[in-house]
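What follows is a pair of forms of the same protein chain, given separately as structure tokens and numbered structure 1 and structure 2.
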Structure 1
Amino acid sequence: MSKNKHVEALNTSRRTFLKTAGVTTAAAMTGASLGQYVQAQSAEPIRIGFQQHSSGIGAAYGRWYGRTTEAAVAAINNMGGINGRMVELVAEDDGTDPKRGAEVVEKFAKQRNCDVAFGTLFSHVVIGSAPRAGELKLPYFVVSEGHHVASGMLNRYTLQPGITDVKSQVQAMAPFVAGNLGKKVTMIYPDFAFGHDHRDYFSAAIEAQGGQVLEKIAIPPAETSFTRYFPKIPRDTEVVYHVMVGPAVLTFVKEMGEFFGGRGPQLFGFIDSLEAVDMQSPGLEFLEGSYFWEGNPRNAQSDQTEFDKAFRTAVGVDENGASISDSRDVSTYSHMFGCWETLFVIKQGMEACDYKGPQDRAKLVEAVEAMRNFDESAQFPQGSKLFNGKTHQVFGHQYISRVESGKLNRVHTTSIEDGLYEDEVDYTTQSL
């Protein structure tokens, strides 16, 4: 689909309405919906296999992906389930490991009687698991951000309808970086597929803005100390672009601050470098005035929507993006919304194809491929989106925030059009 056709499709629908997802309770149901609820309780459940990073370098994400997923399942069941059936979550830890990930997918299909697999984040685990999902003809809904889905690397049974990918994100971000922070950039990124996407696609995006990447510094994913990497940053660097993941991110940003000593280039980070990290942590004062990409603003903004407010309530997160029961337990707010939204895509797809069981998995894939617009609502609280059924990738708004008094205040919102790019694959031509 061409960029113009993408935009034309987006403009065909701009309805915004409050759905009952996440805010409906059994006590508030009408008689009709209560009847549907009773019917759902008596039928065989829809089983969703949740591939969760409960351990390994993705554990912080896995914990919050789990909380969000459980909240979404509860909301869906309070609405009467899917096609008159309750949803049952079947969680398995993949250890944030590709080999184990493939084993988990096989277990979902062959032992746990799951209808679909869902939830994977880390790109190397997706890439290691998706081929087995395709072989088993098990619809595999990932919440990963990597460009591996839209690039054509995977297969027709792998879809990413609830979160945007790195290529789209950096393409939308680059004009702001070049126009406001500088054009001579040094990149620091993790040395696996997700980081390589940043390296490749941001380099191209900043060059398209007349900029230049002076140095590309790849960090091993299991690294725990980073000081030895910072001297590689060229002296004429104007912007340090950083995106790190895993349990050592707080160490990374603290050591970066110690190295620069409050001076040096402008800092533009992807919030991955601080997901699940308290912005008030000692040693992070140097981040004041720096900028971050956010998939969903961690701090409730002055123009907070009713949908964001309802979502925070449903997942147990306060206005600062931390657990309402423990302010030190900071969420992965820029990513976990993708679990909520993907589950509602699965619900819509199953209802559209009148899904009855595993024999209808191919029909489910085709039903999702036929989707186009997701309007901002309680089901899609991050914002409106456009889904490309050919590439199995969704496109949405991106947010740039500035650190001010220890909080992330949004200063720029991209349009969906900013992140669109030409198709690289048409999965609909592949057999089911």
Structure 2
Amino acid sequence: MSKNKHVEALNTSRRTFLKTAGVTTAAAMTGASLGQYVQAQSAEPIRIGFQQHSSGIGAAYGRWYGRTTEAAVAAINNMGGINGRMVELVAEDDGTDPKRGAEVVEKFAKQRNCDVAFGTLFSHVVIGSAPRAGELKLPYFVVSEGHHVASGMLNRYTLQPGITDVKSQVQAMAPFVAGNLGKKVTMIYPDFAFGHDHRDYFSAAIEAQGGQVLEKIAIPPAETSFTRYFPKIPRDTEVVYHVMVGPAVLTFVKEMGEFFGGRGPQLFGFIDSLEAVDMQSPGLEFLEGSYFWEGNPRNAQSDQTEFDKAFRTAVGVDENGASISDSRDVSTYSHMFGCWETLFVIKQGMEACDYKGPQDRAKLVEAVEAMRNFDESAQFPQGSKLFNGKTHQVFGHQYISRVESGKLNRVHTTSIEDGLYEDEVDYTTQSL
């Protein structure tokens, strides 16, 4: 610790020197002097930098992350804001690009006076941006469901308190799949990191249940036609486990249906394969009777909680998970609740540490790390959660739904314990 402080002191003096040298020379050259930044007043709003995927491959998600985030900010402001201050959203497009993502984080911290950065979904953007957030000591709340936070790859300033990670999700599925659908599984997944996480964690989890993965079929990135991969599915497969992302997901599911012609093995998929896709789209009829993991049930269930009802109303989503203004504009319901819940975690954290401004960023991180339980409520409509302050990752319930008459009906809810695993990192040992 003391060594760190020493280095910091050296850096500060060098920074001052460089700055003075620069300013003096520039002033000498131009005869002008530079204005100072005005220190933020406490009456000013709390500014949340929202790293949004408005263009690029993540745009379909980014739009709904945007709507949910705006709704949550409005709700927080209606409740009187945070510590008596209004919340202001500073949204900027990162083009779903890791390089631009890091630049946007820098901009939030240094130019747009944001208190925290928030809202990133795609893993590569998170991993590209997190080092810079750590260097800037800017709390960076991601909503990405990647395992990168809990794996220990990132840093003390990067947290994921609003959505569970893929390792936990996948692991929690294995008991249901082995117990209800079959033990001989063939996996189809995209051939990049996200798919590899599914492959590795599910293979281990299903074997622990006495099951077996017969074949692992990796689909190359940017593939647009899939039928030619399906013959690799072994005949004795009992369950096809599928997960796909990107614009071609609908083609993937459709062609799988045409391949089996309704007479194939049980299908178990991650809803990622159909996020933002209308279940009534032509060609999806064959999904009838198949099973999906859902982060949050898209169709309002018969035992819908008042919290889910209020959440839908606030975001503008109907009981089928589509936009109120356009029934074919389907939301990313299994992911976007994470934005809502994360913002309320930020609110709780700021209130717990009596956050005043950027000088309290470290206190905010510590306050969030100290959290443990989130109870199902209007702030946490997806369900209760357990936060692990050491790994900066939240754990929660997962849902399994069955497609019945084109609707996703929940048939199973996992316990939080189903998704727990041993800590792989303790971020609290890193310096703030």
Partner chain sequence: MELGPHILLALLESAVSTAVLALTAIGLALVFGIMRVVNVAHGEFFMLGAVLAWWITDQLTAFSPAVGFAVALVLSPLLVGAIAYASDRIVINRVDYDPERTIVATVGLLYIFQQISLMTFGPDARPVEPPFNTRLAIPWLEITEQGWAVYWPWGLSITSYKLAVIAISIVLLIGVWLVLSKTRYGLIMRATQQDKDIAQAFGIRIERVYGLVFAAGGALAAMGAVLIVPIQQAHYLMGGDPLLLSFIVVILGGLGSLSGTLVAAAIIGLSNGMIAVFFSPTLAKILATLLVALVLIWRPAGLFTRSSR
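Superpose the two forms; the largest set of C-alphas matching within 1.5 Å is the rigid core. Numbering for residues begins at 1 and runs along the sequence of structure 1. Source: prediction; values computed, not measured.
Of the two forms shown, structure 1 is the one predicted on its own, while structure 2 is not. After superposing the rigid core, the C-alpha of I233 moves by 2 Å or more between the two structures. Remark: with the core as the superposition reference, the CA shift of P282 between the two structures stays below 2 Å. Here Q359 does not count as shifted, since its C-alpha moves by less than 2 Å between the two structures after the core is aligned. For K216, the Cα deviation between the two structures after core superposition amounts to 2.4 Å.
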